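As structure tokens, one chain now follows by itself in the form predicted on its own.
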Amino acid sequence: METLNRQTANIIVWLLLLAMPFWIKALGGYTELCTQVLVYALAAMALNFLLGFTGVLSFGHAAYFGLGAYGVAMTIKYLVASTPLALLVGIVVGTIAAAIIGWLIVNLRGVYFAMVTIAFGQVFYFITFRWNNVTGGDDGLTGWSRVPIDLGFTRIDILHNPTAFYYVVLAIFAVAVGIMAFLLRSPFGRTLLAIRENERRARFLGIPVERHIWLSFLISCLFVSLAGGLYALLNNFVDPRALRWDMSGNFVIIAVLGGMRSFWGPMIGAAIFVVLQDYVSSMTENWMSFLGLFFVLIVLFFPRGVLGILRRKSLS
């Protein structure tokens, strides 16, 4: 019965995502908002791979999100006007940086790990902020835009067609989510859960804990870099704020808001966060106060997030 319920929930999620550009307009939304939900959902689900399923908190994931975004933007502007190649470069740049930094900090735990990730993230932020000639500095990198995808037999116009771009992002999102789900159901994923539940016991069983945490960090940052690349393509613009610590905070908030230890929780959190941000910010400049209050209330009264509330109601 539980497996059947999970499969039904998965089908409902994918049907809602497939139809989102159409039903979101009935709620006063627009297609680009749908794409932003997917991008933030991918970033938060990638963070949750490390936080929710491995038990390691990072406050520096914006660094790899921003590196992915700048990798895409700089490739299109300075190297080759190719969307797939630019996306690949963004992923590679963010993943290489994560591999090096992860190797340096993998022995740290708890607040020390979180603080060091913030420190490394701010290093990348100040580099992009100060390197005006290449990154555009605080003004951001302009003068480029996503280009149509040439498949040889056809071209997908993602430049002028927001709906086409949404479905391209949805296809990439589906592949990324499928890979994460496969990894979490594999022996590797079960080992990560064992480390999360009791690291000392996992080490006693002979599990190379540091290696698994490093791999989890690497995989998480790979998908965050992918989300950053899609973020740059969505906006046709990138600036240093994509690497700043508060962007990392947004990912953590989204994961906790939706349900940190559930697979689809961060996606639900992303939908709530992005839609609320868009709606409230159109009404007041103090929109961050309202979002902060909403987040505090969720944490205080529903620590398992919105998905935890839905599960509790379904069981009652």
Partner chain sequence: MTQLILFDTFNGLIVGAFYALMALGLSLIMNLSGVINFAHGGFLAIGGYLAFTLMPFVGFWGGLVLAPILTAAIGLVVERFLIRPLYGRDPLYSLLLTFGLAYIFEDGTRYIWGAQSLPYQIPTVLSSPLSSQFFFLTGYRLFMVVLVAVAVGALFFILKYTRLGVRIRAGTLDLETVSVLGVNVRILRNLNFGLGIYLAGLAGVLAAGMLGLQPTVGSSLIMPSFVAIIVGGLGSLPGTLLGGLLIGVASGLTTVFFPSATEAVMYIMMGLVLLVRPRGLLGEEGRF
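Heads up, when I say rigid core I mean the largest set of C-alphas that superpose within 1.5 Å between the two forms. Note that the structure is a prediction, hence the values are computed from the model and not measured. Positions refer to the first chain, counted from 1.
Same protein, other form: the form predicted in complex with its partner chain, not shown, and the subject of what follows.
Of the candidates Ala99, Leu108, Leu159, Leu88, Leu108 is the one whose heavy atoms come within 4.5 Å of its partner chain in the predicted complex; the others do not. Of the listed positions (Val123, Ala81, Ala174, Val92), a single one reaches within 4.5 angstroms of its partner chain by any non-hydrogen atom in the predicted complex, namely Val123.
Contact annotation: its partner chain lies within 4.5 Å of heavy atoms from the stretch 110-118 in the predicted complex, the single such stretch among 221-229, 135-143, 162-170, 110-118.
In the predicted complex, at least one heavy atom of Ser289 sits within 4.5 Å of a heavy atom of its partner chain.
Its partner chain is not shown here, but in the predicted complex it comes within 4.5 Å of a heavy atom of Leu104. Taking the partner from the other structure, its partner chain in the predicted complex has a heavy atom within 4.5 Å of a heavy atom of Leu300. Residue contact with its partner chain in the predicted complex: Asp150 places no heavy atom within 4.5 Å of it. Using a 4.5 Å heavy atom cutoff, Phe59, Arg130 and Leu293 all lie near its partner chain in the predicted complex. For the stretch 228-262, the set of residues having any non-hydrogen atom within 4.5 angstroms of its partner chain in the predicted complex comprises Trp245, Asp246, Gly249, Asn250, Val252, Ile253, Val256, Met260, in sequence order. With the core held fixed between the shown form and the other one, Ile12 has its Cα displaced by under 2 Å. Superposed on the core, the two forms differ at Phe302: its CA moves 2 Å or more between the shown form and the other one.
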